[in-house]
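First, one chain by itself in structure tokens, the form predicted alone.
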């Protein structure tokens, strides 16, 4: 019997090529779970491959480095949050703070979207590589888009200040979990925070 010819490292077999979309989806799902459970530093490409049931070379073939796997995984995870510019655009500017704040906490209060966001923020806080990826996505896809919808001077720094206000509260409420903020009713938080966000975005 002739031995099978080994395929070159990093290249998918014909079967894997035909199953590429499913394989990529499994890798991304495994990556999100690994980064969520272990954080960026303790997650490895080998661990992601094992969780996805594929060879680690296939992970490298589809995504490249661990940083690139992380970026691909979190791009999907933060997709709901990237709808924030639409919340800014739809409606008058004098109520944009309330719309954006309600949109933001709506995402964090939903377990399905909160869990991957927690993993992303924790990784970004603890690892500079993860933080750089996070900044790149947030800056390019979220903050600049929000700023582009504000017809006011210094739109970019206004958008960043509003984001800092909201992310800081999310850190205290969902990650550090400081009471009474952690257990407060979301509507109470929105009522108090929305005017501050409004002032950042459209105030003098």
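Numbering follows the first chain given and starts at 1. Just so you know, these numbers come straight off a predicted model, no measurement behind them.
As for the form predicted in complex with a further copy of the same chain, it is not shown, yet the points below apply to it.
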Item to complete: Flag this candidate site as yes only if 128, 135 and 171 all have a heavy atom within 4.5 Å of a further copy of the same chain in the predicted complex; otherwise mark no.
Response: yes
Worksheet item: Though a further copy of the same chain is not shown, can you say which of 158, 149, 26, 60 has a heavy atom within 4.5 Å of it in the predicted complex?
Response: 158
Practice prompt. Select, from the options 107-115, 94-102, 68-76, 120-128, the stretch whose residues sit within 4.5 angstroms of a further copy of the same chain in the predicted complex by heavy atom distance.
Written response: 120-128
Discussion item. Under a 4.5 Å heavy atom criterion, is residue 46 part of the interface with a further copy of the same chain in the predicted complex?
Written reply: no
Fill in: Partner contact for residue 165 in the predicted complex: a further copy of the same chain, 4.5 angstroms, heavy atom
yes
Worksheet item: Taking heavy atoms only, is residue 50 within 4.5 angstroms of a further copy of the same chain in the predicted complex?
Response: no
Worksheet item: Is residue 144 one of the residues lying within 4.5 Å of a further copy of the same chain in the predicted complex, judged by heavy atom distances?
Response: yes
Worksheet item: Along 164-198, which positions have a non-hydrogen atom within 4.5 Å of a further copy of the same chain in the predicted complex?
Response: 164, 165, 167, 168, 169, 171, 172, 175, 176, 177, 178, 179, 180, 181, 184, 188, 189, 192, 193, 196
